[in-house]
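Before any questions on binding or motion, here is one chain by itself as C-alpha cells, the form predicted on its own.
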C-alpha cells in the first residue's frame, strides 16, 4: 500500500466556478479516510484528481512519496470504485473481474487464481457465470469492488459506492466493507455524503464544504468538538440544536435558568446543544410541541420560553409539559459571524501558542 499527500489542491472550472480551494491532506499508509460533504462540495472532483481523471488548477498530488503530475491514470496504481458500478453488461462476472488483468497480459493461470481468490473473499463465487443484469444491486456492488481488489493497487478510491442501494442493504454492505478494509489493510479514500458511512468506516473523516476542508479528525473528535457550525450541524443525527443567545461573562440564560459555560465571553453567540445531551429532569420548564417516534427512542420538540429545543429521550413524555437539564460541558459556543467553535479555538491556542 501507499500514502497519499495533497498539497494546496485547487480546481477552477472553465466557467470560473471554484470546485476546490487550497486543499491539503495527508493519508497515511493503510489508513482509511472518508471525505464527507454535501452534493457539490468538491469531494468527487478531489477523488478524480487523485486518480488522474481530472487535473488540478493548482497544487500537487503525491502518491507513495512521488509526485503524480504527468502520470496517466492507468499508471498511478490506484483503483476506483464508482457509484454506477461501471460493469460491462455483455460480459459475465468472471470476465468483468478478469478484464484489467487480461489487458495487462497476465498469464491465464494467474488470472484464474486471482479471480477465484477475490470471489471467495467477497463470497461471490456462485455469481461468476452470471451477467450483471441477473444480479441485485448488492451483488453488482461486490463485483465492482472485486474488480478493484483484484488489481492489488497501492490506493483504493471509493466514490459514493453505496448510494444506489436501499437502506437495509446499504447497512449490510457497509459492515462488510469495514471488515474487508481491516482484513486487507488497505489505504482507502472514501467519498460519501452519508455521515453514518463516513464515521463508521473511517480512521479519520474530512468534512468538506464549498471546496474547503472544514475539519479533519477522528469521528469522535468531529462529534465531540466540531470546529464550526457547519461541522456541528452535519455530524450527528438528529442534528445539533443551534440557537442565537446572549452570554454575560460566560453565563447563558435559557428561560429562567442560568448556565455557566466556563468561557470568559460576553455578547451574542450561536449556542449548540445535541438533542441526546438534553436530559428530562428537574430544571428548565418546557412545553412539548411535537413528538416523533423513532422506534427505540423519541424525538421531542420542546419549547423553553418560546425557544425550540429538540430532545432525544428514551420514553414518550407523559404530559404536554416537562423539565429539562443541560450539563455545561455539553454546550458548544460558536462565533455568530465566523461560525467557529470558541472553546475549540481556545484549546487550539493553548496547544499551539
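Being a predicted model, the structure only gives us computed values, none of them experimental. Residue numbers count along the first chain shown, from 1.
If you look for the form predicted together with a small molecule, you will not find it shown, but the lines that follow are about it.
Participant: Looking at 41, 50, 300, 32, which is the one with a non-hydrogen atom within 4.5 Å of the small molecule in the model of the complex?
Facilitator: So the residue touching the small molecule in the model of the complex, by this definition, is 41.
Participant: Does any part of residue 15 reach within 4.5 Å of the small molecule in the model of the complex? Heavy atoms only, please.
Facilitator: Contact with the small molecule, yes.
Participant: Please run the contact check for residue 160 against the small molecule in the model of the complex: heavy atoms, 4.5 angstroms, yes or no?
Facilitator: Yes, contact at 4.5 Å.
Participant: Just checking whether residue 331 would be counted as a contact of the small molecule in the model of the complex - the rule being heavy atoms within 4.5 angstroms.
Facilitator: Because no heavy atom of residue 331 falls inside 4.5 Å of the small molecule in the model of the complex, the answer is no.
Participant: Can any non-hydrogen atom of residue 19 be found within 4.5 angstroms of the small molecule in the model of the complex?
Facilitator: Looking in the model of the complex, residue contacts with the small molecule include residue 19, since a heavy atom lies within 4.5 Å.
Participant: I need the one stretch from 323 to 331, 24 to 32, 55 to 63, 41 to 49 whose residues put non-hydrogen atoms within 4.5 angstroms of the small molecule in the model of the complex.
Facilitator: Selected range: 41 to 49.
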